[in-house]
Structures are given as C-alpha cells and as structure tokens.
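Just the one chain here, the form predicted on its own, laid out as structure tokens.
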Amino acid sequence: MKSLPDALLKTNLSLPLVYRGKVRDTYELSPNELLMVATDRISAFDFSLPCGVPGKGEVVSRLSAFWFSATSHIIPNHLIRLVDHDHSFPEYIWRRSMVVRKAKRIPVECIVRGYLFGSALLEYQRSGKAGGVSLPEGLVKGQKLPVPIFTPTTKEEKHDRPLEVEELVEMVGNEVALVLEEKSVELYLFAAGEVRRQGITLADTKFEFGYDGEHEIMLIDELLTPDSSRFWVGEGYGGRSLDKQPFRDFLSSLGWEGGTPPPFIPQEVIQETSRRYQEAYQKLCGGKNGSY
C-alpha cells in the first residue's frame, strides 16, 4: 500500500495562541485579526483522535474560503483571506490557514437538516420529532424532509445539547434567534442548490455565528466542509458519503463511541478518509480556489 504523507497534528507559531480546538489552532495576529490554522486532526463523538488525516486541514480551509466567498451575499463573514504563498507565515501552514476578523462567538451550533439522518433519526424514532420539531409519521432513514428544519444545539467543550426554541430565545433574545434560524436555512438552501448541480446531496450542515466589533451578526468558524456537513453522491440517500461519517461508522463498528481511549485506526481507513476529503474538495468547488 502506498504510504501516506505525515499528518500535521499540532502547530507551534511565534504568535499568541488563543485556542487549540479539536481541529484548529487559533492565534492572535492583531487586536482585530486572528489566524486560524486547520490541522489534520480528526474528531469523532466529541473526541479528538491521536491519528490525523493527511491533507484534511487544507481541504477544510480551502472549502471554507470558497463557501465564505460564495455566500457573502447572504450574510457577512469573518474571512479576510486564505493564507497561500505568504512568506510572513511558515510554509507548512500555507493553504490550511485563514486570516479572519475577531468575533464574539454566539455559543450555539446552528444545524439545518434536509434529510432524516444521524441524531435526528434517533430522536424521530423515539418521539416522532427532530430537534423538537414534529415530523410526519412513517419517515425512514435518509428520507428527504418536507422542508429543511433548524435544530440548534449548545456549543460546548464536551457534549453539545439540543436546544428548544424557547431556550435559544432565552440565550440570545428573540431577534437574534430569528436571524440565526432564517440565515441558517437560507444558507442551507443556497448551498444545497449549488452542490446539486455537481451531483451531490447536502443532507445536513452546521453553521456558527458571532458578533463583529459593531455587534452585527456574521458567519464564522468553518463552512460547508466534510467536517461540518453530510454530503452524499447522487440524488438523496444511498450514495457514497463525502464526509467523515464512514470514519465514525468504522469506530462504531468496533464498539467505540467515545468515553474511553480510542481504538487503533488502520492506515487504510486513514487513507480512504483522506481520499474522500480530497474528492469532496474537487467535486464541491471544482478546485476553483486553487488546485488541491
């Protein structure tokens, strides 16, 4: 088997480190700007695994930059520029880093689902609802929903928790809650239409928002990547997944879903995950922001 290049698991820049997350290392560039570096770390079941997926960080950053540009007519975002061939930064972080505006994060993950899958399917099977939204009887796994539904969760270090509408309003206020829902659904519908032209189904995705210096809401973090979305090849459920769901499925098949040290990940699983991310980049934006 062809060996993989080394995965980048950690950065060490001569800048103030603001936060080291499950995937990204974030540094302060100035009072108003941050440097977000997407490593090749991969997380599953709210756990960052010790292995990495070579090239993953480049895909996540470049896809995010592509989508931030493509959706800027819907809502402003924090992207200033993608770091590429910029000698003010080490070469090893080129193509996997973004310079962004600082934002005060709104501690909510804004999930929009167009298809019944994942935790929404489990909730539906228990209660007939998904994210607290009542759904028609008789829906099956992977079925397209009558309309996309907004199912926000908390944004927490360990396990996120579903939010009822009333809880969201209590957290951020009615006006902001409406903006989060309306913009999330609008972004989902726009992106779903765009990827459909490439023969891809966007099953669900996650958005994050923050306030800029003027307290205006803007889109932050990453956007429409295989880390934050489910993409299926073809029309609807049943095609190949261009995301990290198969990686999660492999872990589940071993009986691991977090809470204990993770199992050994074979090289072929890492290699297939790397290939899937690269294919997602090529299919979703056709290499429009530079060749991968």
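Computed from a predicted model, the values in this text were never measured in an experiment. Residue positions are given as counts along the sequence shown, with the first one as 1.
The same protein also has a form predicted in complex with a small molecule, omitted here; what follows describes it.
Proximity to the small molecule in the model of the complex, taken as heavy atoms within 4.5 Å, picks out 98-106 from the listed stretches 98-106, 145-153, 165-173, 187-195. Shown here without its partner, the chain carries C51, R248 and I265, none of which come within 4.5 Å of the small molecule in the model of the complex through any heavy atom. Taking the partner from elsewhere, G21 is found to have a heavy atom lying within 4.5 Å of the small molecule in the model of the complex.
The small molecule in the model of the complex comes within 4.5 Å of no heavy atom belonging to D204. Among heavy atoms of R113, none comes within 4.5 Å of the small molecule in the model of the complex. Looking at M36, you'd find a heavy atom of it within 4.5 angstroms of the small molecule in the model of the complex. Among E123, D212, D84, E208, the residue placing a heavy atom within 4.5 Å of the small molecule in the model of the complex is E208.
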